[in-house]
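Two forms, one chain: they're shown below as structure tokens, one block per form, named structure 1 and structure 2.
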Structure 1
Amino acid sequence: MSSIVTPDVWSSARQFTQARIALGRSGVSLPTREVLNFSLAHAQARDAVHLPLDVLTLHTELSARGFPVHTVSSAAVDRATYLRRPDWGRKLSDTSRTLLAANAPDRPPEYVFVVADGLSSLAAEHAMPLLEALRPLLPELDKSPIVIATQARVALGDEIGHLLGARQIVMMIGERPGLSSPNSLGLYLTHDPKPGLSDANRNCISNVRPEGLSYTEAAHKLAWLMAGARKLGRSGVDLKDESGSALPPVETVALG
């Protein structure tokens, strides 16, 4: 049966990538195995978009590790609305806005992390390992508020950070799923967050997952950018990632 499939001369390169290369052929068509694999990957990507974020489990895990946790939602009332109206995913619901305003800490936090579903709720599984990798690098991380956000777009973090008085906001959000990466996490750092900012005001770290950018590497880059934003007084296009390939040492984000 295997002789039916003509192998590709680049087959050995598949060990270095998850991309669909060197698939071989059966006559003038793809092998049945590769057609089925493609259909499975497509289904996994669709599921990643529509699967609800497991807020209860995430809240329980974060609370068990001592993080102050708040749960909010955007103005998009459901997933269908979220996908049709990206602008509603960029602003808080009235109830969530009132909740955060009432729970703003007396001492404004240096940074706030938001764990959001975005376009892949599956990516939230990387939030806890990443926070653990950040513990040695970010002073007072355990005292920093963690906000769980549903039906969220990246810019939702600007309003969240502004209401909580944070100097920096980090959105940990599910990225648009690809056909080999349905659970990729993106990190978006914004210094001095407030409504109305654009993507030019943020720094992005993409593809955080074991098969992509490791938790250790992502934590190193993020801590470096956070320290850089403090020194520069802003984030975004003026802040270049010069963290380099060597992981330790990295300057911790000093407070005060």
Structure 2
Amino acid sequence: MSSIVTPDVWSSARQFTQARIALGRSGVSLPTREVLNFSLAHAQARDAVHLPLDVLTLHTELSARGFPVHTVSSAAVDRATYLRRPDWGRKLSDTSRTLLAANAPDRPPEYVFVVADGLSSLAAEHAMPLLEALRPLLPELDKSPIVIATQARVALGDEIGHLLGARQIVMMIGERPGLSSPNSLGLYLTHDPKPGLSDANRNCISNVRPEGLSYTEAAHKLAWLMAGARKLGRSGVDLKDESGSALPPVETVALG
């Protein structure tokens, strides 16, 4: 192989970036190995988008830890519709709306967490460890309902929170997958959630995954924002993230 492929003598520069540099070439084209590596990464990202969220397992795990769990879906009936109609992914199906309205707790919960598929069902794997990291920081978490939502966009959380009478809603949702990050989780906080709010009313923490923002760091930031929003009486652009760091800074890019 090596005599056919022209190698790049600057491959040591790879230690400075995850970008696909110094790949070498076959004539002017990508070497076979690189073509296949790229396609594998794309296949994983495609799976992240299209594999259905494993609702049953998630439900079982959450229930086993004592959380009251509800399962809902958006008005987008399947993945193809979901991708074409983001507006339908932002509102509940009629069945789900009825279900949540019937299950609203007598005492309005301080916060409700939603685990949603979004654009990457694989990202939901981070929900449980993140909730564990949040337990010591949020005293009422154990009593808070958890909602599992499918075919969901970020704004779906606002309707869910409104129906359950929650003071705050946290949407834990799969982000648009990249080739090197198919399972990145995003967190969106809305204080006083109700339908019709915009991105300007929310605060976002993105790239939650072991290779990105760690569970501990994300939990710290989120708890800080939740307390800040409670104090300010609103979330969104007026609430600046000044949480600082719970841990000493770590190298965010350490591959090579």
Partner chain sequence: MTFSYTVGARRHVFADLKTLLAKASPARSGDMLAGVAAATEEERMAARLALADVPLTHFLNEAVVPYEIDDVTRLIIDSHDTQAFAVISSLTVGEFRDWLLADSTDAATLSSLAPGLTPEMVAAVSKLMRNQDLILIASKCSVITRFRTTVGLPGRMSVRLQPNHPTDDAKGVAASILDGLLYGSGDAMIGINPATDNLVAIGKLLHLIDDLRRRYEVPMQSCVLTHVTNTIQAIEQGMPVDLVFQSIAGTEITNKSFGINLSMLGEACDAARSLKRGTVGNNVMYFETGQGSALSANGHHGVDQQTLETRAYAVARKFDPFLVNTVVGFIGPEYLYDGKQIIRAGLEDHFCGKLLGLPMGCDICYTNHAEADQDDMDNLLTLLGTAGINFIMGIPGADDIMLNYQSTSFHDALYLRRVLGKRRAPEFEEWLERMGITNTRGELIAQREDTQPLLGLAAGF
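Each form is matched to the other, and the largest set of C-alpha atoms that superpose within 1.5 Å is called the rigid core. Sequence positions of structure 1, starting at 1, serve as the residue numbers. All values derive from a computational prediction rather than experimental measurement.
**Q** Would you indicate whether the form predicted in complex with its partner chain is structure 1 or structure 2?
**A** The form predicted in complex with its partner chain is shown as structure 2.
**Q** Note yes or no: does the Cα of residue 213 move by 2 Å or more between structure 1 and structure 2 after the core is superposed?
**A** Result for residue 213: no, shift under 2 Å.
**Q** Please state whether residue 28 has a C-alpha shift of 2 Å or more between structure 1 and structure 2, with the rigid core used for the fit.
**A** Where the cores coincide, residue 28 still shows a C-alpha shift between structure 1 and structure 2 that is 2 Å or more.
**Q** So how many degrees does the small rigid bit swing against the big one between structure 1 and structure 2?
**A** The answer is a rotation of 14 degrees for the smaller part.
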